[in-house]
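The form predicted on its own is given below as one chain in structure tokens.
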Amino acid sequence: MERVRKEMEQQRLWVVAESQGEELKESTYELLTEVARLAAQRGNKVMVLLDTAGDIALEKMAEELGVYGAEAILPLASAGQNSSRQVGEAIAALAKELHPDAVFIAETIWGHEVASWTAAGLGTALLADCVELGLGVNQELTMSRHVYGDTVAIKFAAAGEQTLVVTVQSGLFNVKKSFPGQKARLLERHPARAGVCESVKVLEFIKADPKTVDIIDAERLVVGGKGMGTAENYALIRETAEVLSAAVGGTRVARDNGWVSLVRQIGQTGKTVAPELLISCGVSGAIQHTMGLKETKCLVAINTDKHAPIHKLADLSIVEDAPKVLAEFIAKMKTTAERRQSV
């Protein structure tokens, strides 16, 4: 046990993984990739702390997380599924003994709760909703976050020996298997703290309605820009989104024209998204907009201008009038649905 504890003391940077059923959330891989990059520059090792209340195959996780930079995996046993308080207090108790430089957690609802309990247990401040991680001149950790409606960025630097607790926005970093062939060591399960009384119990997770879900969390997006022309044409964006069970987004021009609200604007003055599928309609592809969708897994671009910058980023390009394409697509989908119902 003493040998294991000494090995754990070498893990200077900790990443808290978040699971969803039998799989880890994409935000975990994003965060691990970035933290592992910093660790490599500092000569540190990364340990992933994983709540095992769900059906997690630990050996599989050891192989999978190793290639993203995890040197070790510490399973945490909590009494309830994804119990944020038990996990947070267990991490805090462990951090008091081992004194890691920082504990990183993705900025999700569960992640923020875990970070809050961890910071409270350590008696330290919580640096929440960070957008950039880096290193200072003396290899100290630095974190940046936005304030005043994302108009000002503040940069923080680690000082002293107190463990930092940091949450990081999702959808900002590329996921990379930068350590091919590396398998993380699976450490002995660490028990949750006894005697913790949960004041809130999670009964179930209800899948968000695509019409109201935050575009940051949307798996599918239909986005319209200036090329849609009119508010009437923009209604096709919403109809297409409904057919695909997708969320609606827009460019700065779409927002200025009143076609979408500010909370659905994508880009430099809007939000950064990372959907599995994004259909871009009548969008030229100015850098102010495309910087907000760089983490999109599959981008479909519809624009009459074959030289529009958006086509260079697209996985599939359609050089055609966007309203025309959407109208034909909607009609085809409705016909297909009617045929299925009649069978």
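All figures in this text were calculated on a predicted structure; none of them were measured in a lab. Between two forms, the rigid core is defined as the largest C-alpha subset superposing within 1.5 Å. Position 1 is the first residue in the sequence shown; the rest follow in order.
FYI, the form predicted in complex with a small molecule isn't displayed, but the following is about it.
**Q** Specify the contacting stretch among 43-51, 288-296, 65-73, 29-37, defined as having any heavy atom within 4.5 Å of the small molecule in the predicted complex.
**A** Residues of 288-296 come within 4.5 Å of the partner.
**Q** Look up in the predicted complex whether Thr142 has a non-hydrogen atom within 4.5 angstroms of the small molecule, and give yes or no.
**A** Thr142 lies outside the contact set for the small molecule.
**Q** Taking 4.5 angstroms as the cut-off for heavy atoms, does Ile302 touch the small molecule in the predicted complex?
**A** Answer yes; at least one heavy atom of Ile302 falls within 4.5 Å of the small molecule in the predicted complex.
**Q** Flag Gln86 as yes or no: does it have a non-hydrogen atom within 4.5 angstroms of any non-hydrogen atom of the small molecule in the predicted complex?
**A** Gln86: no, not in contact with the small molecule in the predicted complex.
**Q** Using the partner position in the predicted complex, report whether Gly111 sits within 4.5 Å of the small molecule, counting heavy atoms only.
**A** Gly111 lies outside the contact set for the small molecule.
**Q** State the residue from Pro100, Gly267, Gly171, Gly121 whose non-hydrogen atoms include one within 4.5 Å of the small molecule in the predicted complex.
**A** Partner contact (heavy atom, 4.5 Å) among the options: Gly267.
**Q** Is it true that Glu97 shifts between this form and the one not shown by 2 Å or more at the Cα, once the core is aligned?
**A** No, the C-alpha position differs by under 2 Å between this form and the one not shown.
**Q** Would the C-alpha of Gly134 be classed as shifted by 2 Å or more between this form and the one not shown after rigid-core alignment?
**A** Not so; Gly134 is displaced by less than 2 Å.
**Q** With both forms fitted on the core, check whether the Cα of Met228 differs by 2 Å or more between this form and the one not shown.
**A** Yes; that C-alpha moves by at least 2 Å between this form and the one not shown.
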